[in-house]
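Given next, in structure tokens, is a single chain: the form predicted alone.
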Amino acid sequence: MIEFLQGVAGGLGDGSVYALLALGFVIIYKSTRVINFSQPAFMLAGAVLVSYLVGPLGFYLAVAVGVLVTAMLALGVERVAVRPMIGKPVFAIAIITLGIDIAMRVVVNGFIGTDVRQVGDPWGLASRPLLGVPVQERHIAMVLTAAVAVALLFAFFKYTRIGLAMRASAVDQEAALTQGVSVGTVFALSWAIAGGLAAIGGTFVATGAGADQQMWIIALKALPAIILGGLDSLEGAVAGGLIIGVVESLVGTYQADIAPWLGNNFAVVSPYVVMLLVLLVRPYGLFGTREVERV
């Protein structure tokens, strides 16, 4: 039982990071109907930026500045590379975001070099008992930070004018324009928020192990999360991220004993197996909007 609870706790910690990254994907998709494939690059850039700032600023201030700078970077990318493509086919814009991801990672990798950069987190790999179960402190920090970020984000969308404008644009851009909503501002803000969330996620991915050139691959696990939860559902992104994290952790804990014939690293691909199963059974996700087209 202790082993199971440790697996769940670790899964919730990692799943919190997947949820933050998935929220970034969903926010941009709801605003622009484009899947932003450059999220892994923003995640990596945020973590590397924090690793450079942690020395002079300390961990917490470095994270705050890193999140802000990464959000501004995402805003600049939207203005320069994505905004001119408004009105073009969605597929073409998605391919551009893929090119942005590759270009940014090449630049960021130059700052990483061949070393692993540490973000200077105060907990490392230390553990503490929680209800009698040893839990890594970084997983506790992940869950608490994600909970605060999600609560602030949902309050922002529900109670602020710009948040309501973003929700209106997500439902119907033309109707929002007729009501005086600046859709361009909504697009820019959605990119900035997604960039900030990616930086938070990247920082927590780098805690303990550090940031290296292959860290961006972890951001791809947000794709199974948004497929599971629903591509246009913020609640689904959170639920999907947590579920994927727990599934991956439990598979890693028990698969070697139950199904050793699957190999030693099946936990790495288990999120994508879940994604394929969901696509076969419920392609619009657990919380996604089911679209019906009349032909």
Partner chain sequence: MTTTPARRPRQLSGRPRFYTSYAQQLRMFNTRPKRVSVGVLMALAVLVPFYVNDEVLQLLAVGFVASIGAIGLNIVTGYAGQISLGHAFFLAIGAYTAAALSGDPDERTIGFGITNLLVWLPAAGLVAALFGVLVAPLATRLRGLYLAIVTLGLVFLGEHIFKEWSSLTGGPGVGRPAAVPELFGYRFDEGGELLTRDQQLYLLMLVLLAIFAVLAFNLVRSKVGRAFSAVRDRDIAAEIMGVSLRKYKTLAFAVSSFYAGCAGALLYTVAGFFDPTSFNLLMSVQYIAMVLIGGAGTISGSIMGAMFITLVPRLTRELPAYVPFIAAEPTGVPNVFQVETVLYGLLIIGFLIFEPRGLYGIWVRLRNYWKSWPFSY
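Numbering follows the first chain given and starts at 1. Quantities reported herein were computed from a predicted structural model and do not represent experimental measurements.
Beyond the structure shown, there is the form predicted in complex with its partner chain, which is absent from this document and is the topic of what follows.
Trainee: Within 4.5 Å of its partner chain in the model of the complex, heavy atoms considered, which of A92, A126, V148, A175?
Mentor: For this set of options, the contacting one is A92.
Trainee: Which residue among F266, Y254, F59, Y52 has a heavy atom within 4.5 angstroms of its partner chain in the model of the complex?
Mentor: Exactly one listed residue reaches within 4.5 Å, namely F266.
Trainee: Even though its partner chain is not shown here, does it sit in the model of the complex so that I226, L276 and Y284 each have a heavy atom within 4.5 Å?
Mentor: Per the other structure, all of I226, L276 and Y284 touch its partner chain.
Trainee: Which single stretch, out of 238-246, 257-265, 66-74, 44-52, brings residue heavy atoms within 4.5 Å of its partner chain in the model of the complex?
Mentor: Heavy-atom contact with the partner occurs in 257-265.
Trainee: If we define contact as a non-hydrogen atom of the residue within 4.5 angstroms of the partner, is V183 a contact of its partner chain in the model of the complex?
Mentor: Although its partner chain is absent here, V183 would stay clear of it in the model of the complex, with no heavy atoms inside 4.5 Å.
Trainee: Does at least one non-hydrogen atom of G208 fall within 4.5 angstroms of its partner chain in the model of the complex?
Mentor: G208: no contact with its partner chain in the model of the complex.
Trainee: Verify the contact flag for L131: yes if a non-hydrogen atom of it lies within 4.5 Å of a non-hydrogen atom of its partner chain in the model of the complex, no if not.
Mentor: L131: no, not in contact with its partner chain in the model of the complex.
Trainee: Find out whether any non-hydrogen atom of I140 is located within 4.5 angstroms of its partner chain in the model of the complex, and reply yes or no.
Mentor: No.
Trainee: May I ask you to list the residues of 95-109 that have any heavy atom within 4.5 angstroms of its partner chain in the model of the complex, in sequence order?
Mentor: Residues within 4.5 Å: I95, I96, L98, G99, I100, I102, A103, V106.
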